[in-house]
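This document starts with one chain, in the form predicted on its own, laid out as structure tokens.
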């Protein structure tokens, strides 16, 4: 593949790279560059347009981007850097076999590719129990994502992403929703898509859609921002039938239902701050809803970090690539921002933010100075909500019953 390939010229045109003013706002805000890495969105655009013979530089730069979207937030010209990076990775992976540096020797991507087997046997629902009410078929499904696998793979750092899934279902049951949880659900494919493996990403899309259809699903509720982005934005590009299915973010559903009244929370005397996930804050535009939910909990002192909302700093990794010294520096600086708020609880809304920041807290050279409790927003809400009438033990009604 040559870098004067018509497809690349099409990406440059369609993603507005010609509109780059070389103002430097993207590079000045890029977490990768600010951590000391030789990477610049502006320079990448310049090389592609004016120096296409800089093949090595361009190919390396395509894999350096975190796709956190902060440069797009600052760009006055609307250059679509993240989508351009994704398209370029797909092309480079497909034509030259380039895959970039993948963390953990690509093990996580390997298990995602394993899930493309139609005959795959999974023990995916072994975590169910404890009075959780779920269904095998029905109009409303909860998409669990990779949490059952994350907790096994990252057991060494003692993360508990499965608690997010359990607490999500607890909250749905509280709202009298018994969601379908699919035994043959696959990974949404986010990391394969963002590392250029379009073929296997599309295979996962088709397999998941087949399961949705077989179970009679009309609406899919998700708590993971990456699953939300993929199911709502990218999967319909592969399976047009997905456009007929409603994809709902759990935090949006909770805020809507709580605002109707009749739901209260127990006080929590903690000092807290909040980490905005890139896929939720900048890309889904949901910065205000998590904060509104946090502030519903009485006696909890909330303090923003220096960089928050749409200006929040990434957790340092995306798609399990580029986990290097520069990513660790981003994570350390982010945790130092959290500690500067004098909070004793860091709340986030993405399992990968939890994984990456928990890992960084264990930096032996920081002697525990970065350590603080980190929990997902869903789990905090589930623990503090005022349960009544034994909702955790009794069967809840399905949404179809409520609307009958």
Partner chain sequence: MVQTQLLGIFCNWSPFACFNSAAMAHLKIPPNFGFIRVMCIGRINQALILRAFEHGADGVILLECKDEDCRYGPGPEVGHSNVAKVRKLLHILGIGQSRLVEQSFGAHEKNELVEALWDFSEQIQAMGSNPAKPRQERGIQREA
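Positions refer to the first chain, counted from 1. What you see is a predicted model; the values in this text were computed from it and never measured.
Not on display, but discussed next: the form predicted in complex with its partner chain.
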Its partner chain: the contacting residue among 92, 332, 159, 115 in the predicted complex [heavy atom, 4.5 Å]: 115
In the predicted complex, the one of 170, 198, 124, 291 near its partner chain [non-hydrogen atom within 4.5 angstroms]: 124
Residue 152, heavy atom within 4.5 angstroms of its partner chain in the predicted complex: yes
Interface membership of residue 105, its partner chain in the predicted complex, 4.5 Å heavy atom rule: yes
4.5 angstroms heavy atom contact with its partner chain in the predicted complex for residue 148: yes
Partner proximity in the predicted complex: residue 134 to its partner chain, non-hydrogen atom cutoff 4.5 Å: no
Contact stretch among 227 to 235, 263 to 271, 107 to 115, 211 to 219 - heavy atom within 4.5 Å of its partner chain in the predicted complex: 107 to 115
